[in-house]
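So this first bit is one chain, no partners, the form predicted on its own, shown in structure tokens.
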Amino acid sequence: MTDIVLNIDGKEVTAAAGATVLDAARQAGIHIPTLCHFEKLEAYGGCRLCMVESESRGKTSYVVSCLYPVENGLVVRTRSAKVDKIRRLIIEELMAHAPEAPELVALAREYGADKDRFEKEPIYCILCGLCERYCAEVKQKNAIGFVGNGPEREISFVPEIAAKECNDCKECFPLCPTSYLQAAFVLVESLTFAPAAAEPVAAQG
């Protein structure tokens, strides 16, 4: 299979056909921030922090690098005034939901984001989907899913599955970019309201 040659931040980079810009950048040691990407999972593009500036055939556009395929002659800029502005806005929006998350605090410092720009709605879930996708794709247990719509949308454990599977697993907890404490809380809450049928029945007589 023929390799693809592109340019990232002024550096010539070779990548396999079918690779994404994020793959190529990481292989070349070039950092692109992301909160929803994990190498064992299918690319998701949910957080949009990996947005980069791409130039192909004289046309410049802004693309999500974890989903955008490499191509010969592609020119990529991982930092520019516009890219930084996009990332700064995304960070500010996410901090309304998880204002104390260490990764977001560090990113806010790097990009000069105002953590108080948007009214706080601290649900601690930024909808990266890492836990839900890991449970489905790697563990194949489907113990976690999205609930609600719009601003009410968040992650929740499925009680009847979580009661059987999650206590001895917890592999998704460290993946959570807002720390696993919220995931642990939701799990405990789910187990508390597990179906009564799962509880031992007292002997009668």
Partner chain sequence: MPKLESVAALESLRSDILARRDATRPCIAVCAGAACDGLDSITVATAFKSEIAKQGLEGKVDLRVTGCHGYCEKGPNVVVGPKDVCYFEVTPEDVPGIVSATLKGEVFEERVYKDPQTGAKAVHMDEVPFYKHQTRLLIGDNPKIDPMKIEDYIAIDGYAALAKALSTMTPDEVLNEVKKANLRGRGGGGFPAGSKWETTKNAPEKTKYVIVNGHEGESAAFMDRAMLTGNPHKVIEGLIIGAYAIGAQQGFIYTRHDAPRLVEHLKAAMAQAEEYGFMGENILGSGFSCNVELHFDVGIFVSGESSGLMRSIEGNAPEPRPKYIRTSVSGIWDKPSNLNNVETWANVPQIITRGADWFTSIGSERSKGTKLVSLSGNVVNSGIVEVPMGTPLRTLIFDIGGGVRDGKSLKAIHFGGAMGGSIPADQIDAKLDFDEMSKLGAPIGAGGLLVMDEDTDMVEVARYLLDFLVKESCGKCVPCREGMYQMLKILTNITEGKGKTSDLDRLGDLMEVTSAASLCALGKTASDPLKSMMRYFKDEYETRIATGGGAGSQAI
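Not measured: the values here are computed from a predicted model. Positions refer to the first chain, counted from 1.
Absent from the display: the form predicted together with its partner chain. The rest refers to it.
- Relative to its partner chain in the model of the complex, residues 51, 63 and 151 are all within 4.5 Å by at least one heavy atom.
- Heavy atoms within 4.5 Å of its partner chain in the model of the complex belong, among the stretches 25-33, 135-143, 170-178, 151-159, to residues of 151-159.
- Residue contact check for residue 117: one or more of its heavy atoms lie within 4.5 Å of its partner chain in the model of the complex.
- Though the partner is left out of this view, residue 89 does reach within 4.5 Å of its partner chain in the model of the complex, counting heavy atoms only.
- At a distance threshold of 4.5 angstroms between non-hydrogen atoms, residue 41 is out of contact with its partner chain in the model of the complex.
- Contact annotation: residue 127 falls within 4.5 Å of its partner chain in the model of the complex, judged by heavy atom distances.
- Shown without its partner, the chain has 82, 85, 86, 89, 90, 93, 94, 96, 97 in segment 82-99 as residues with a non-hydrogen atom within 4.5 angstroms of its partner chain in the model of the complex.
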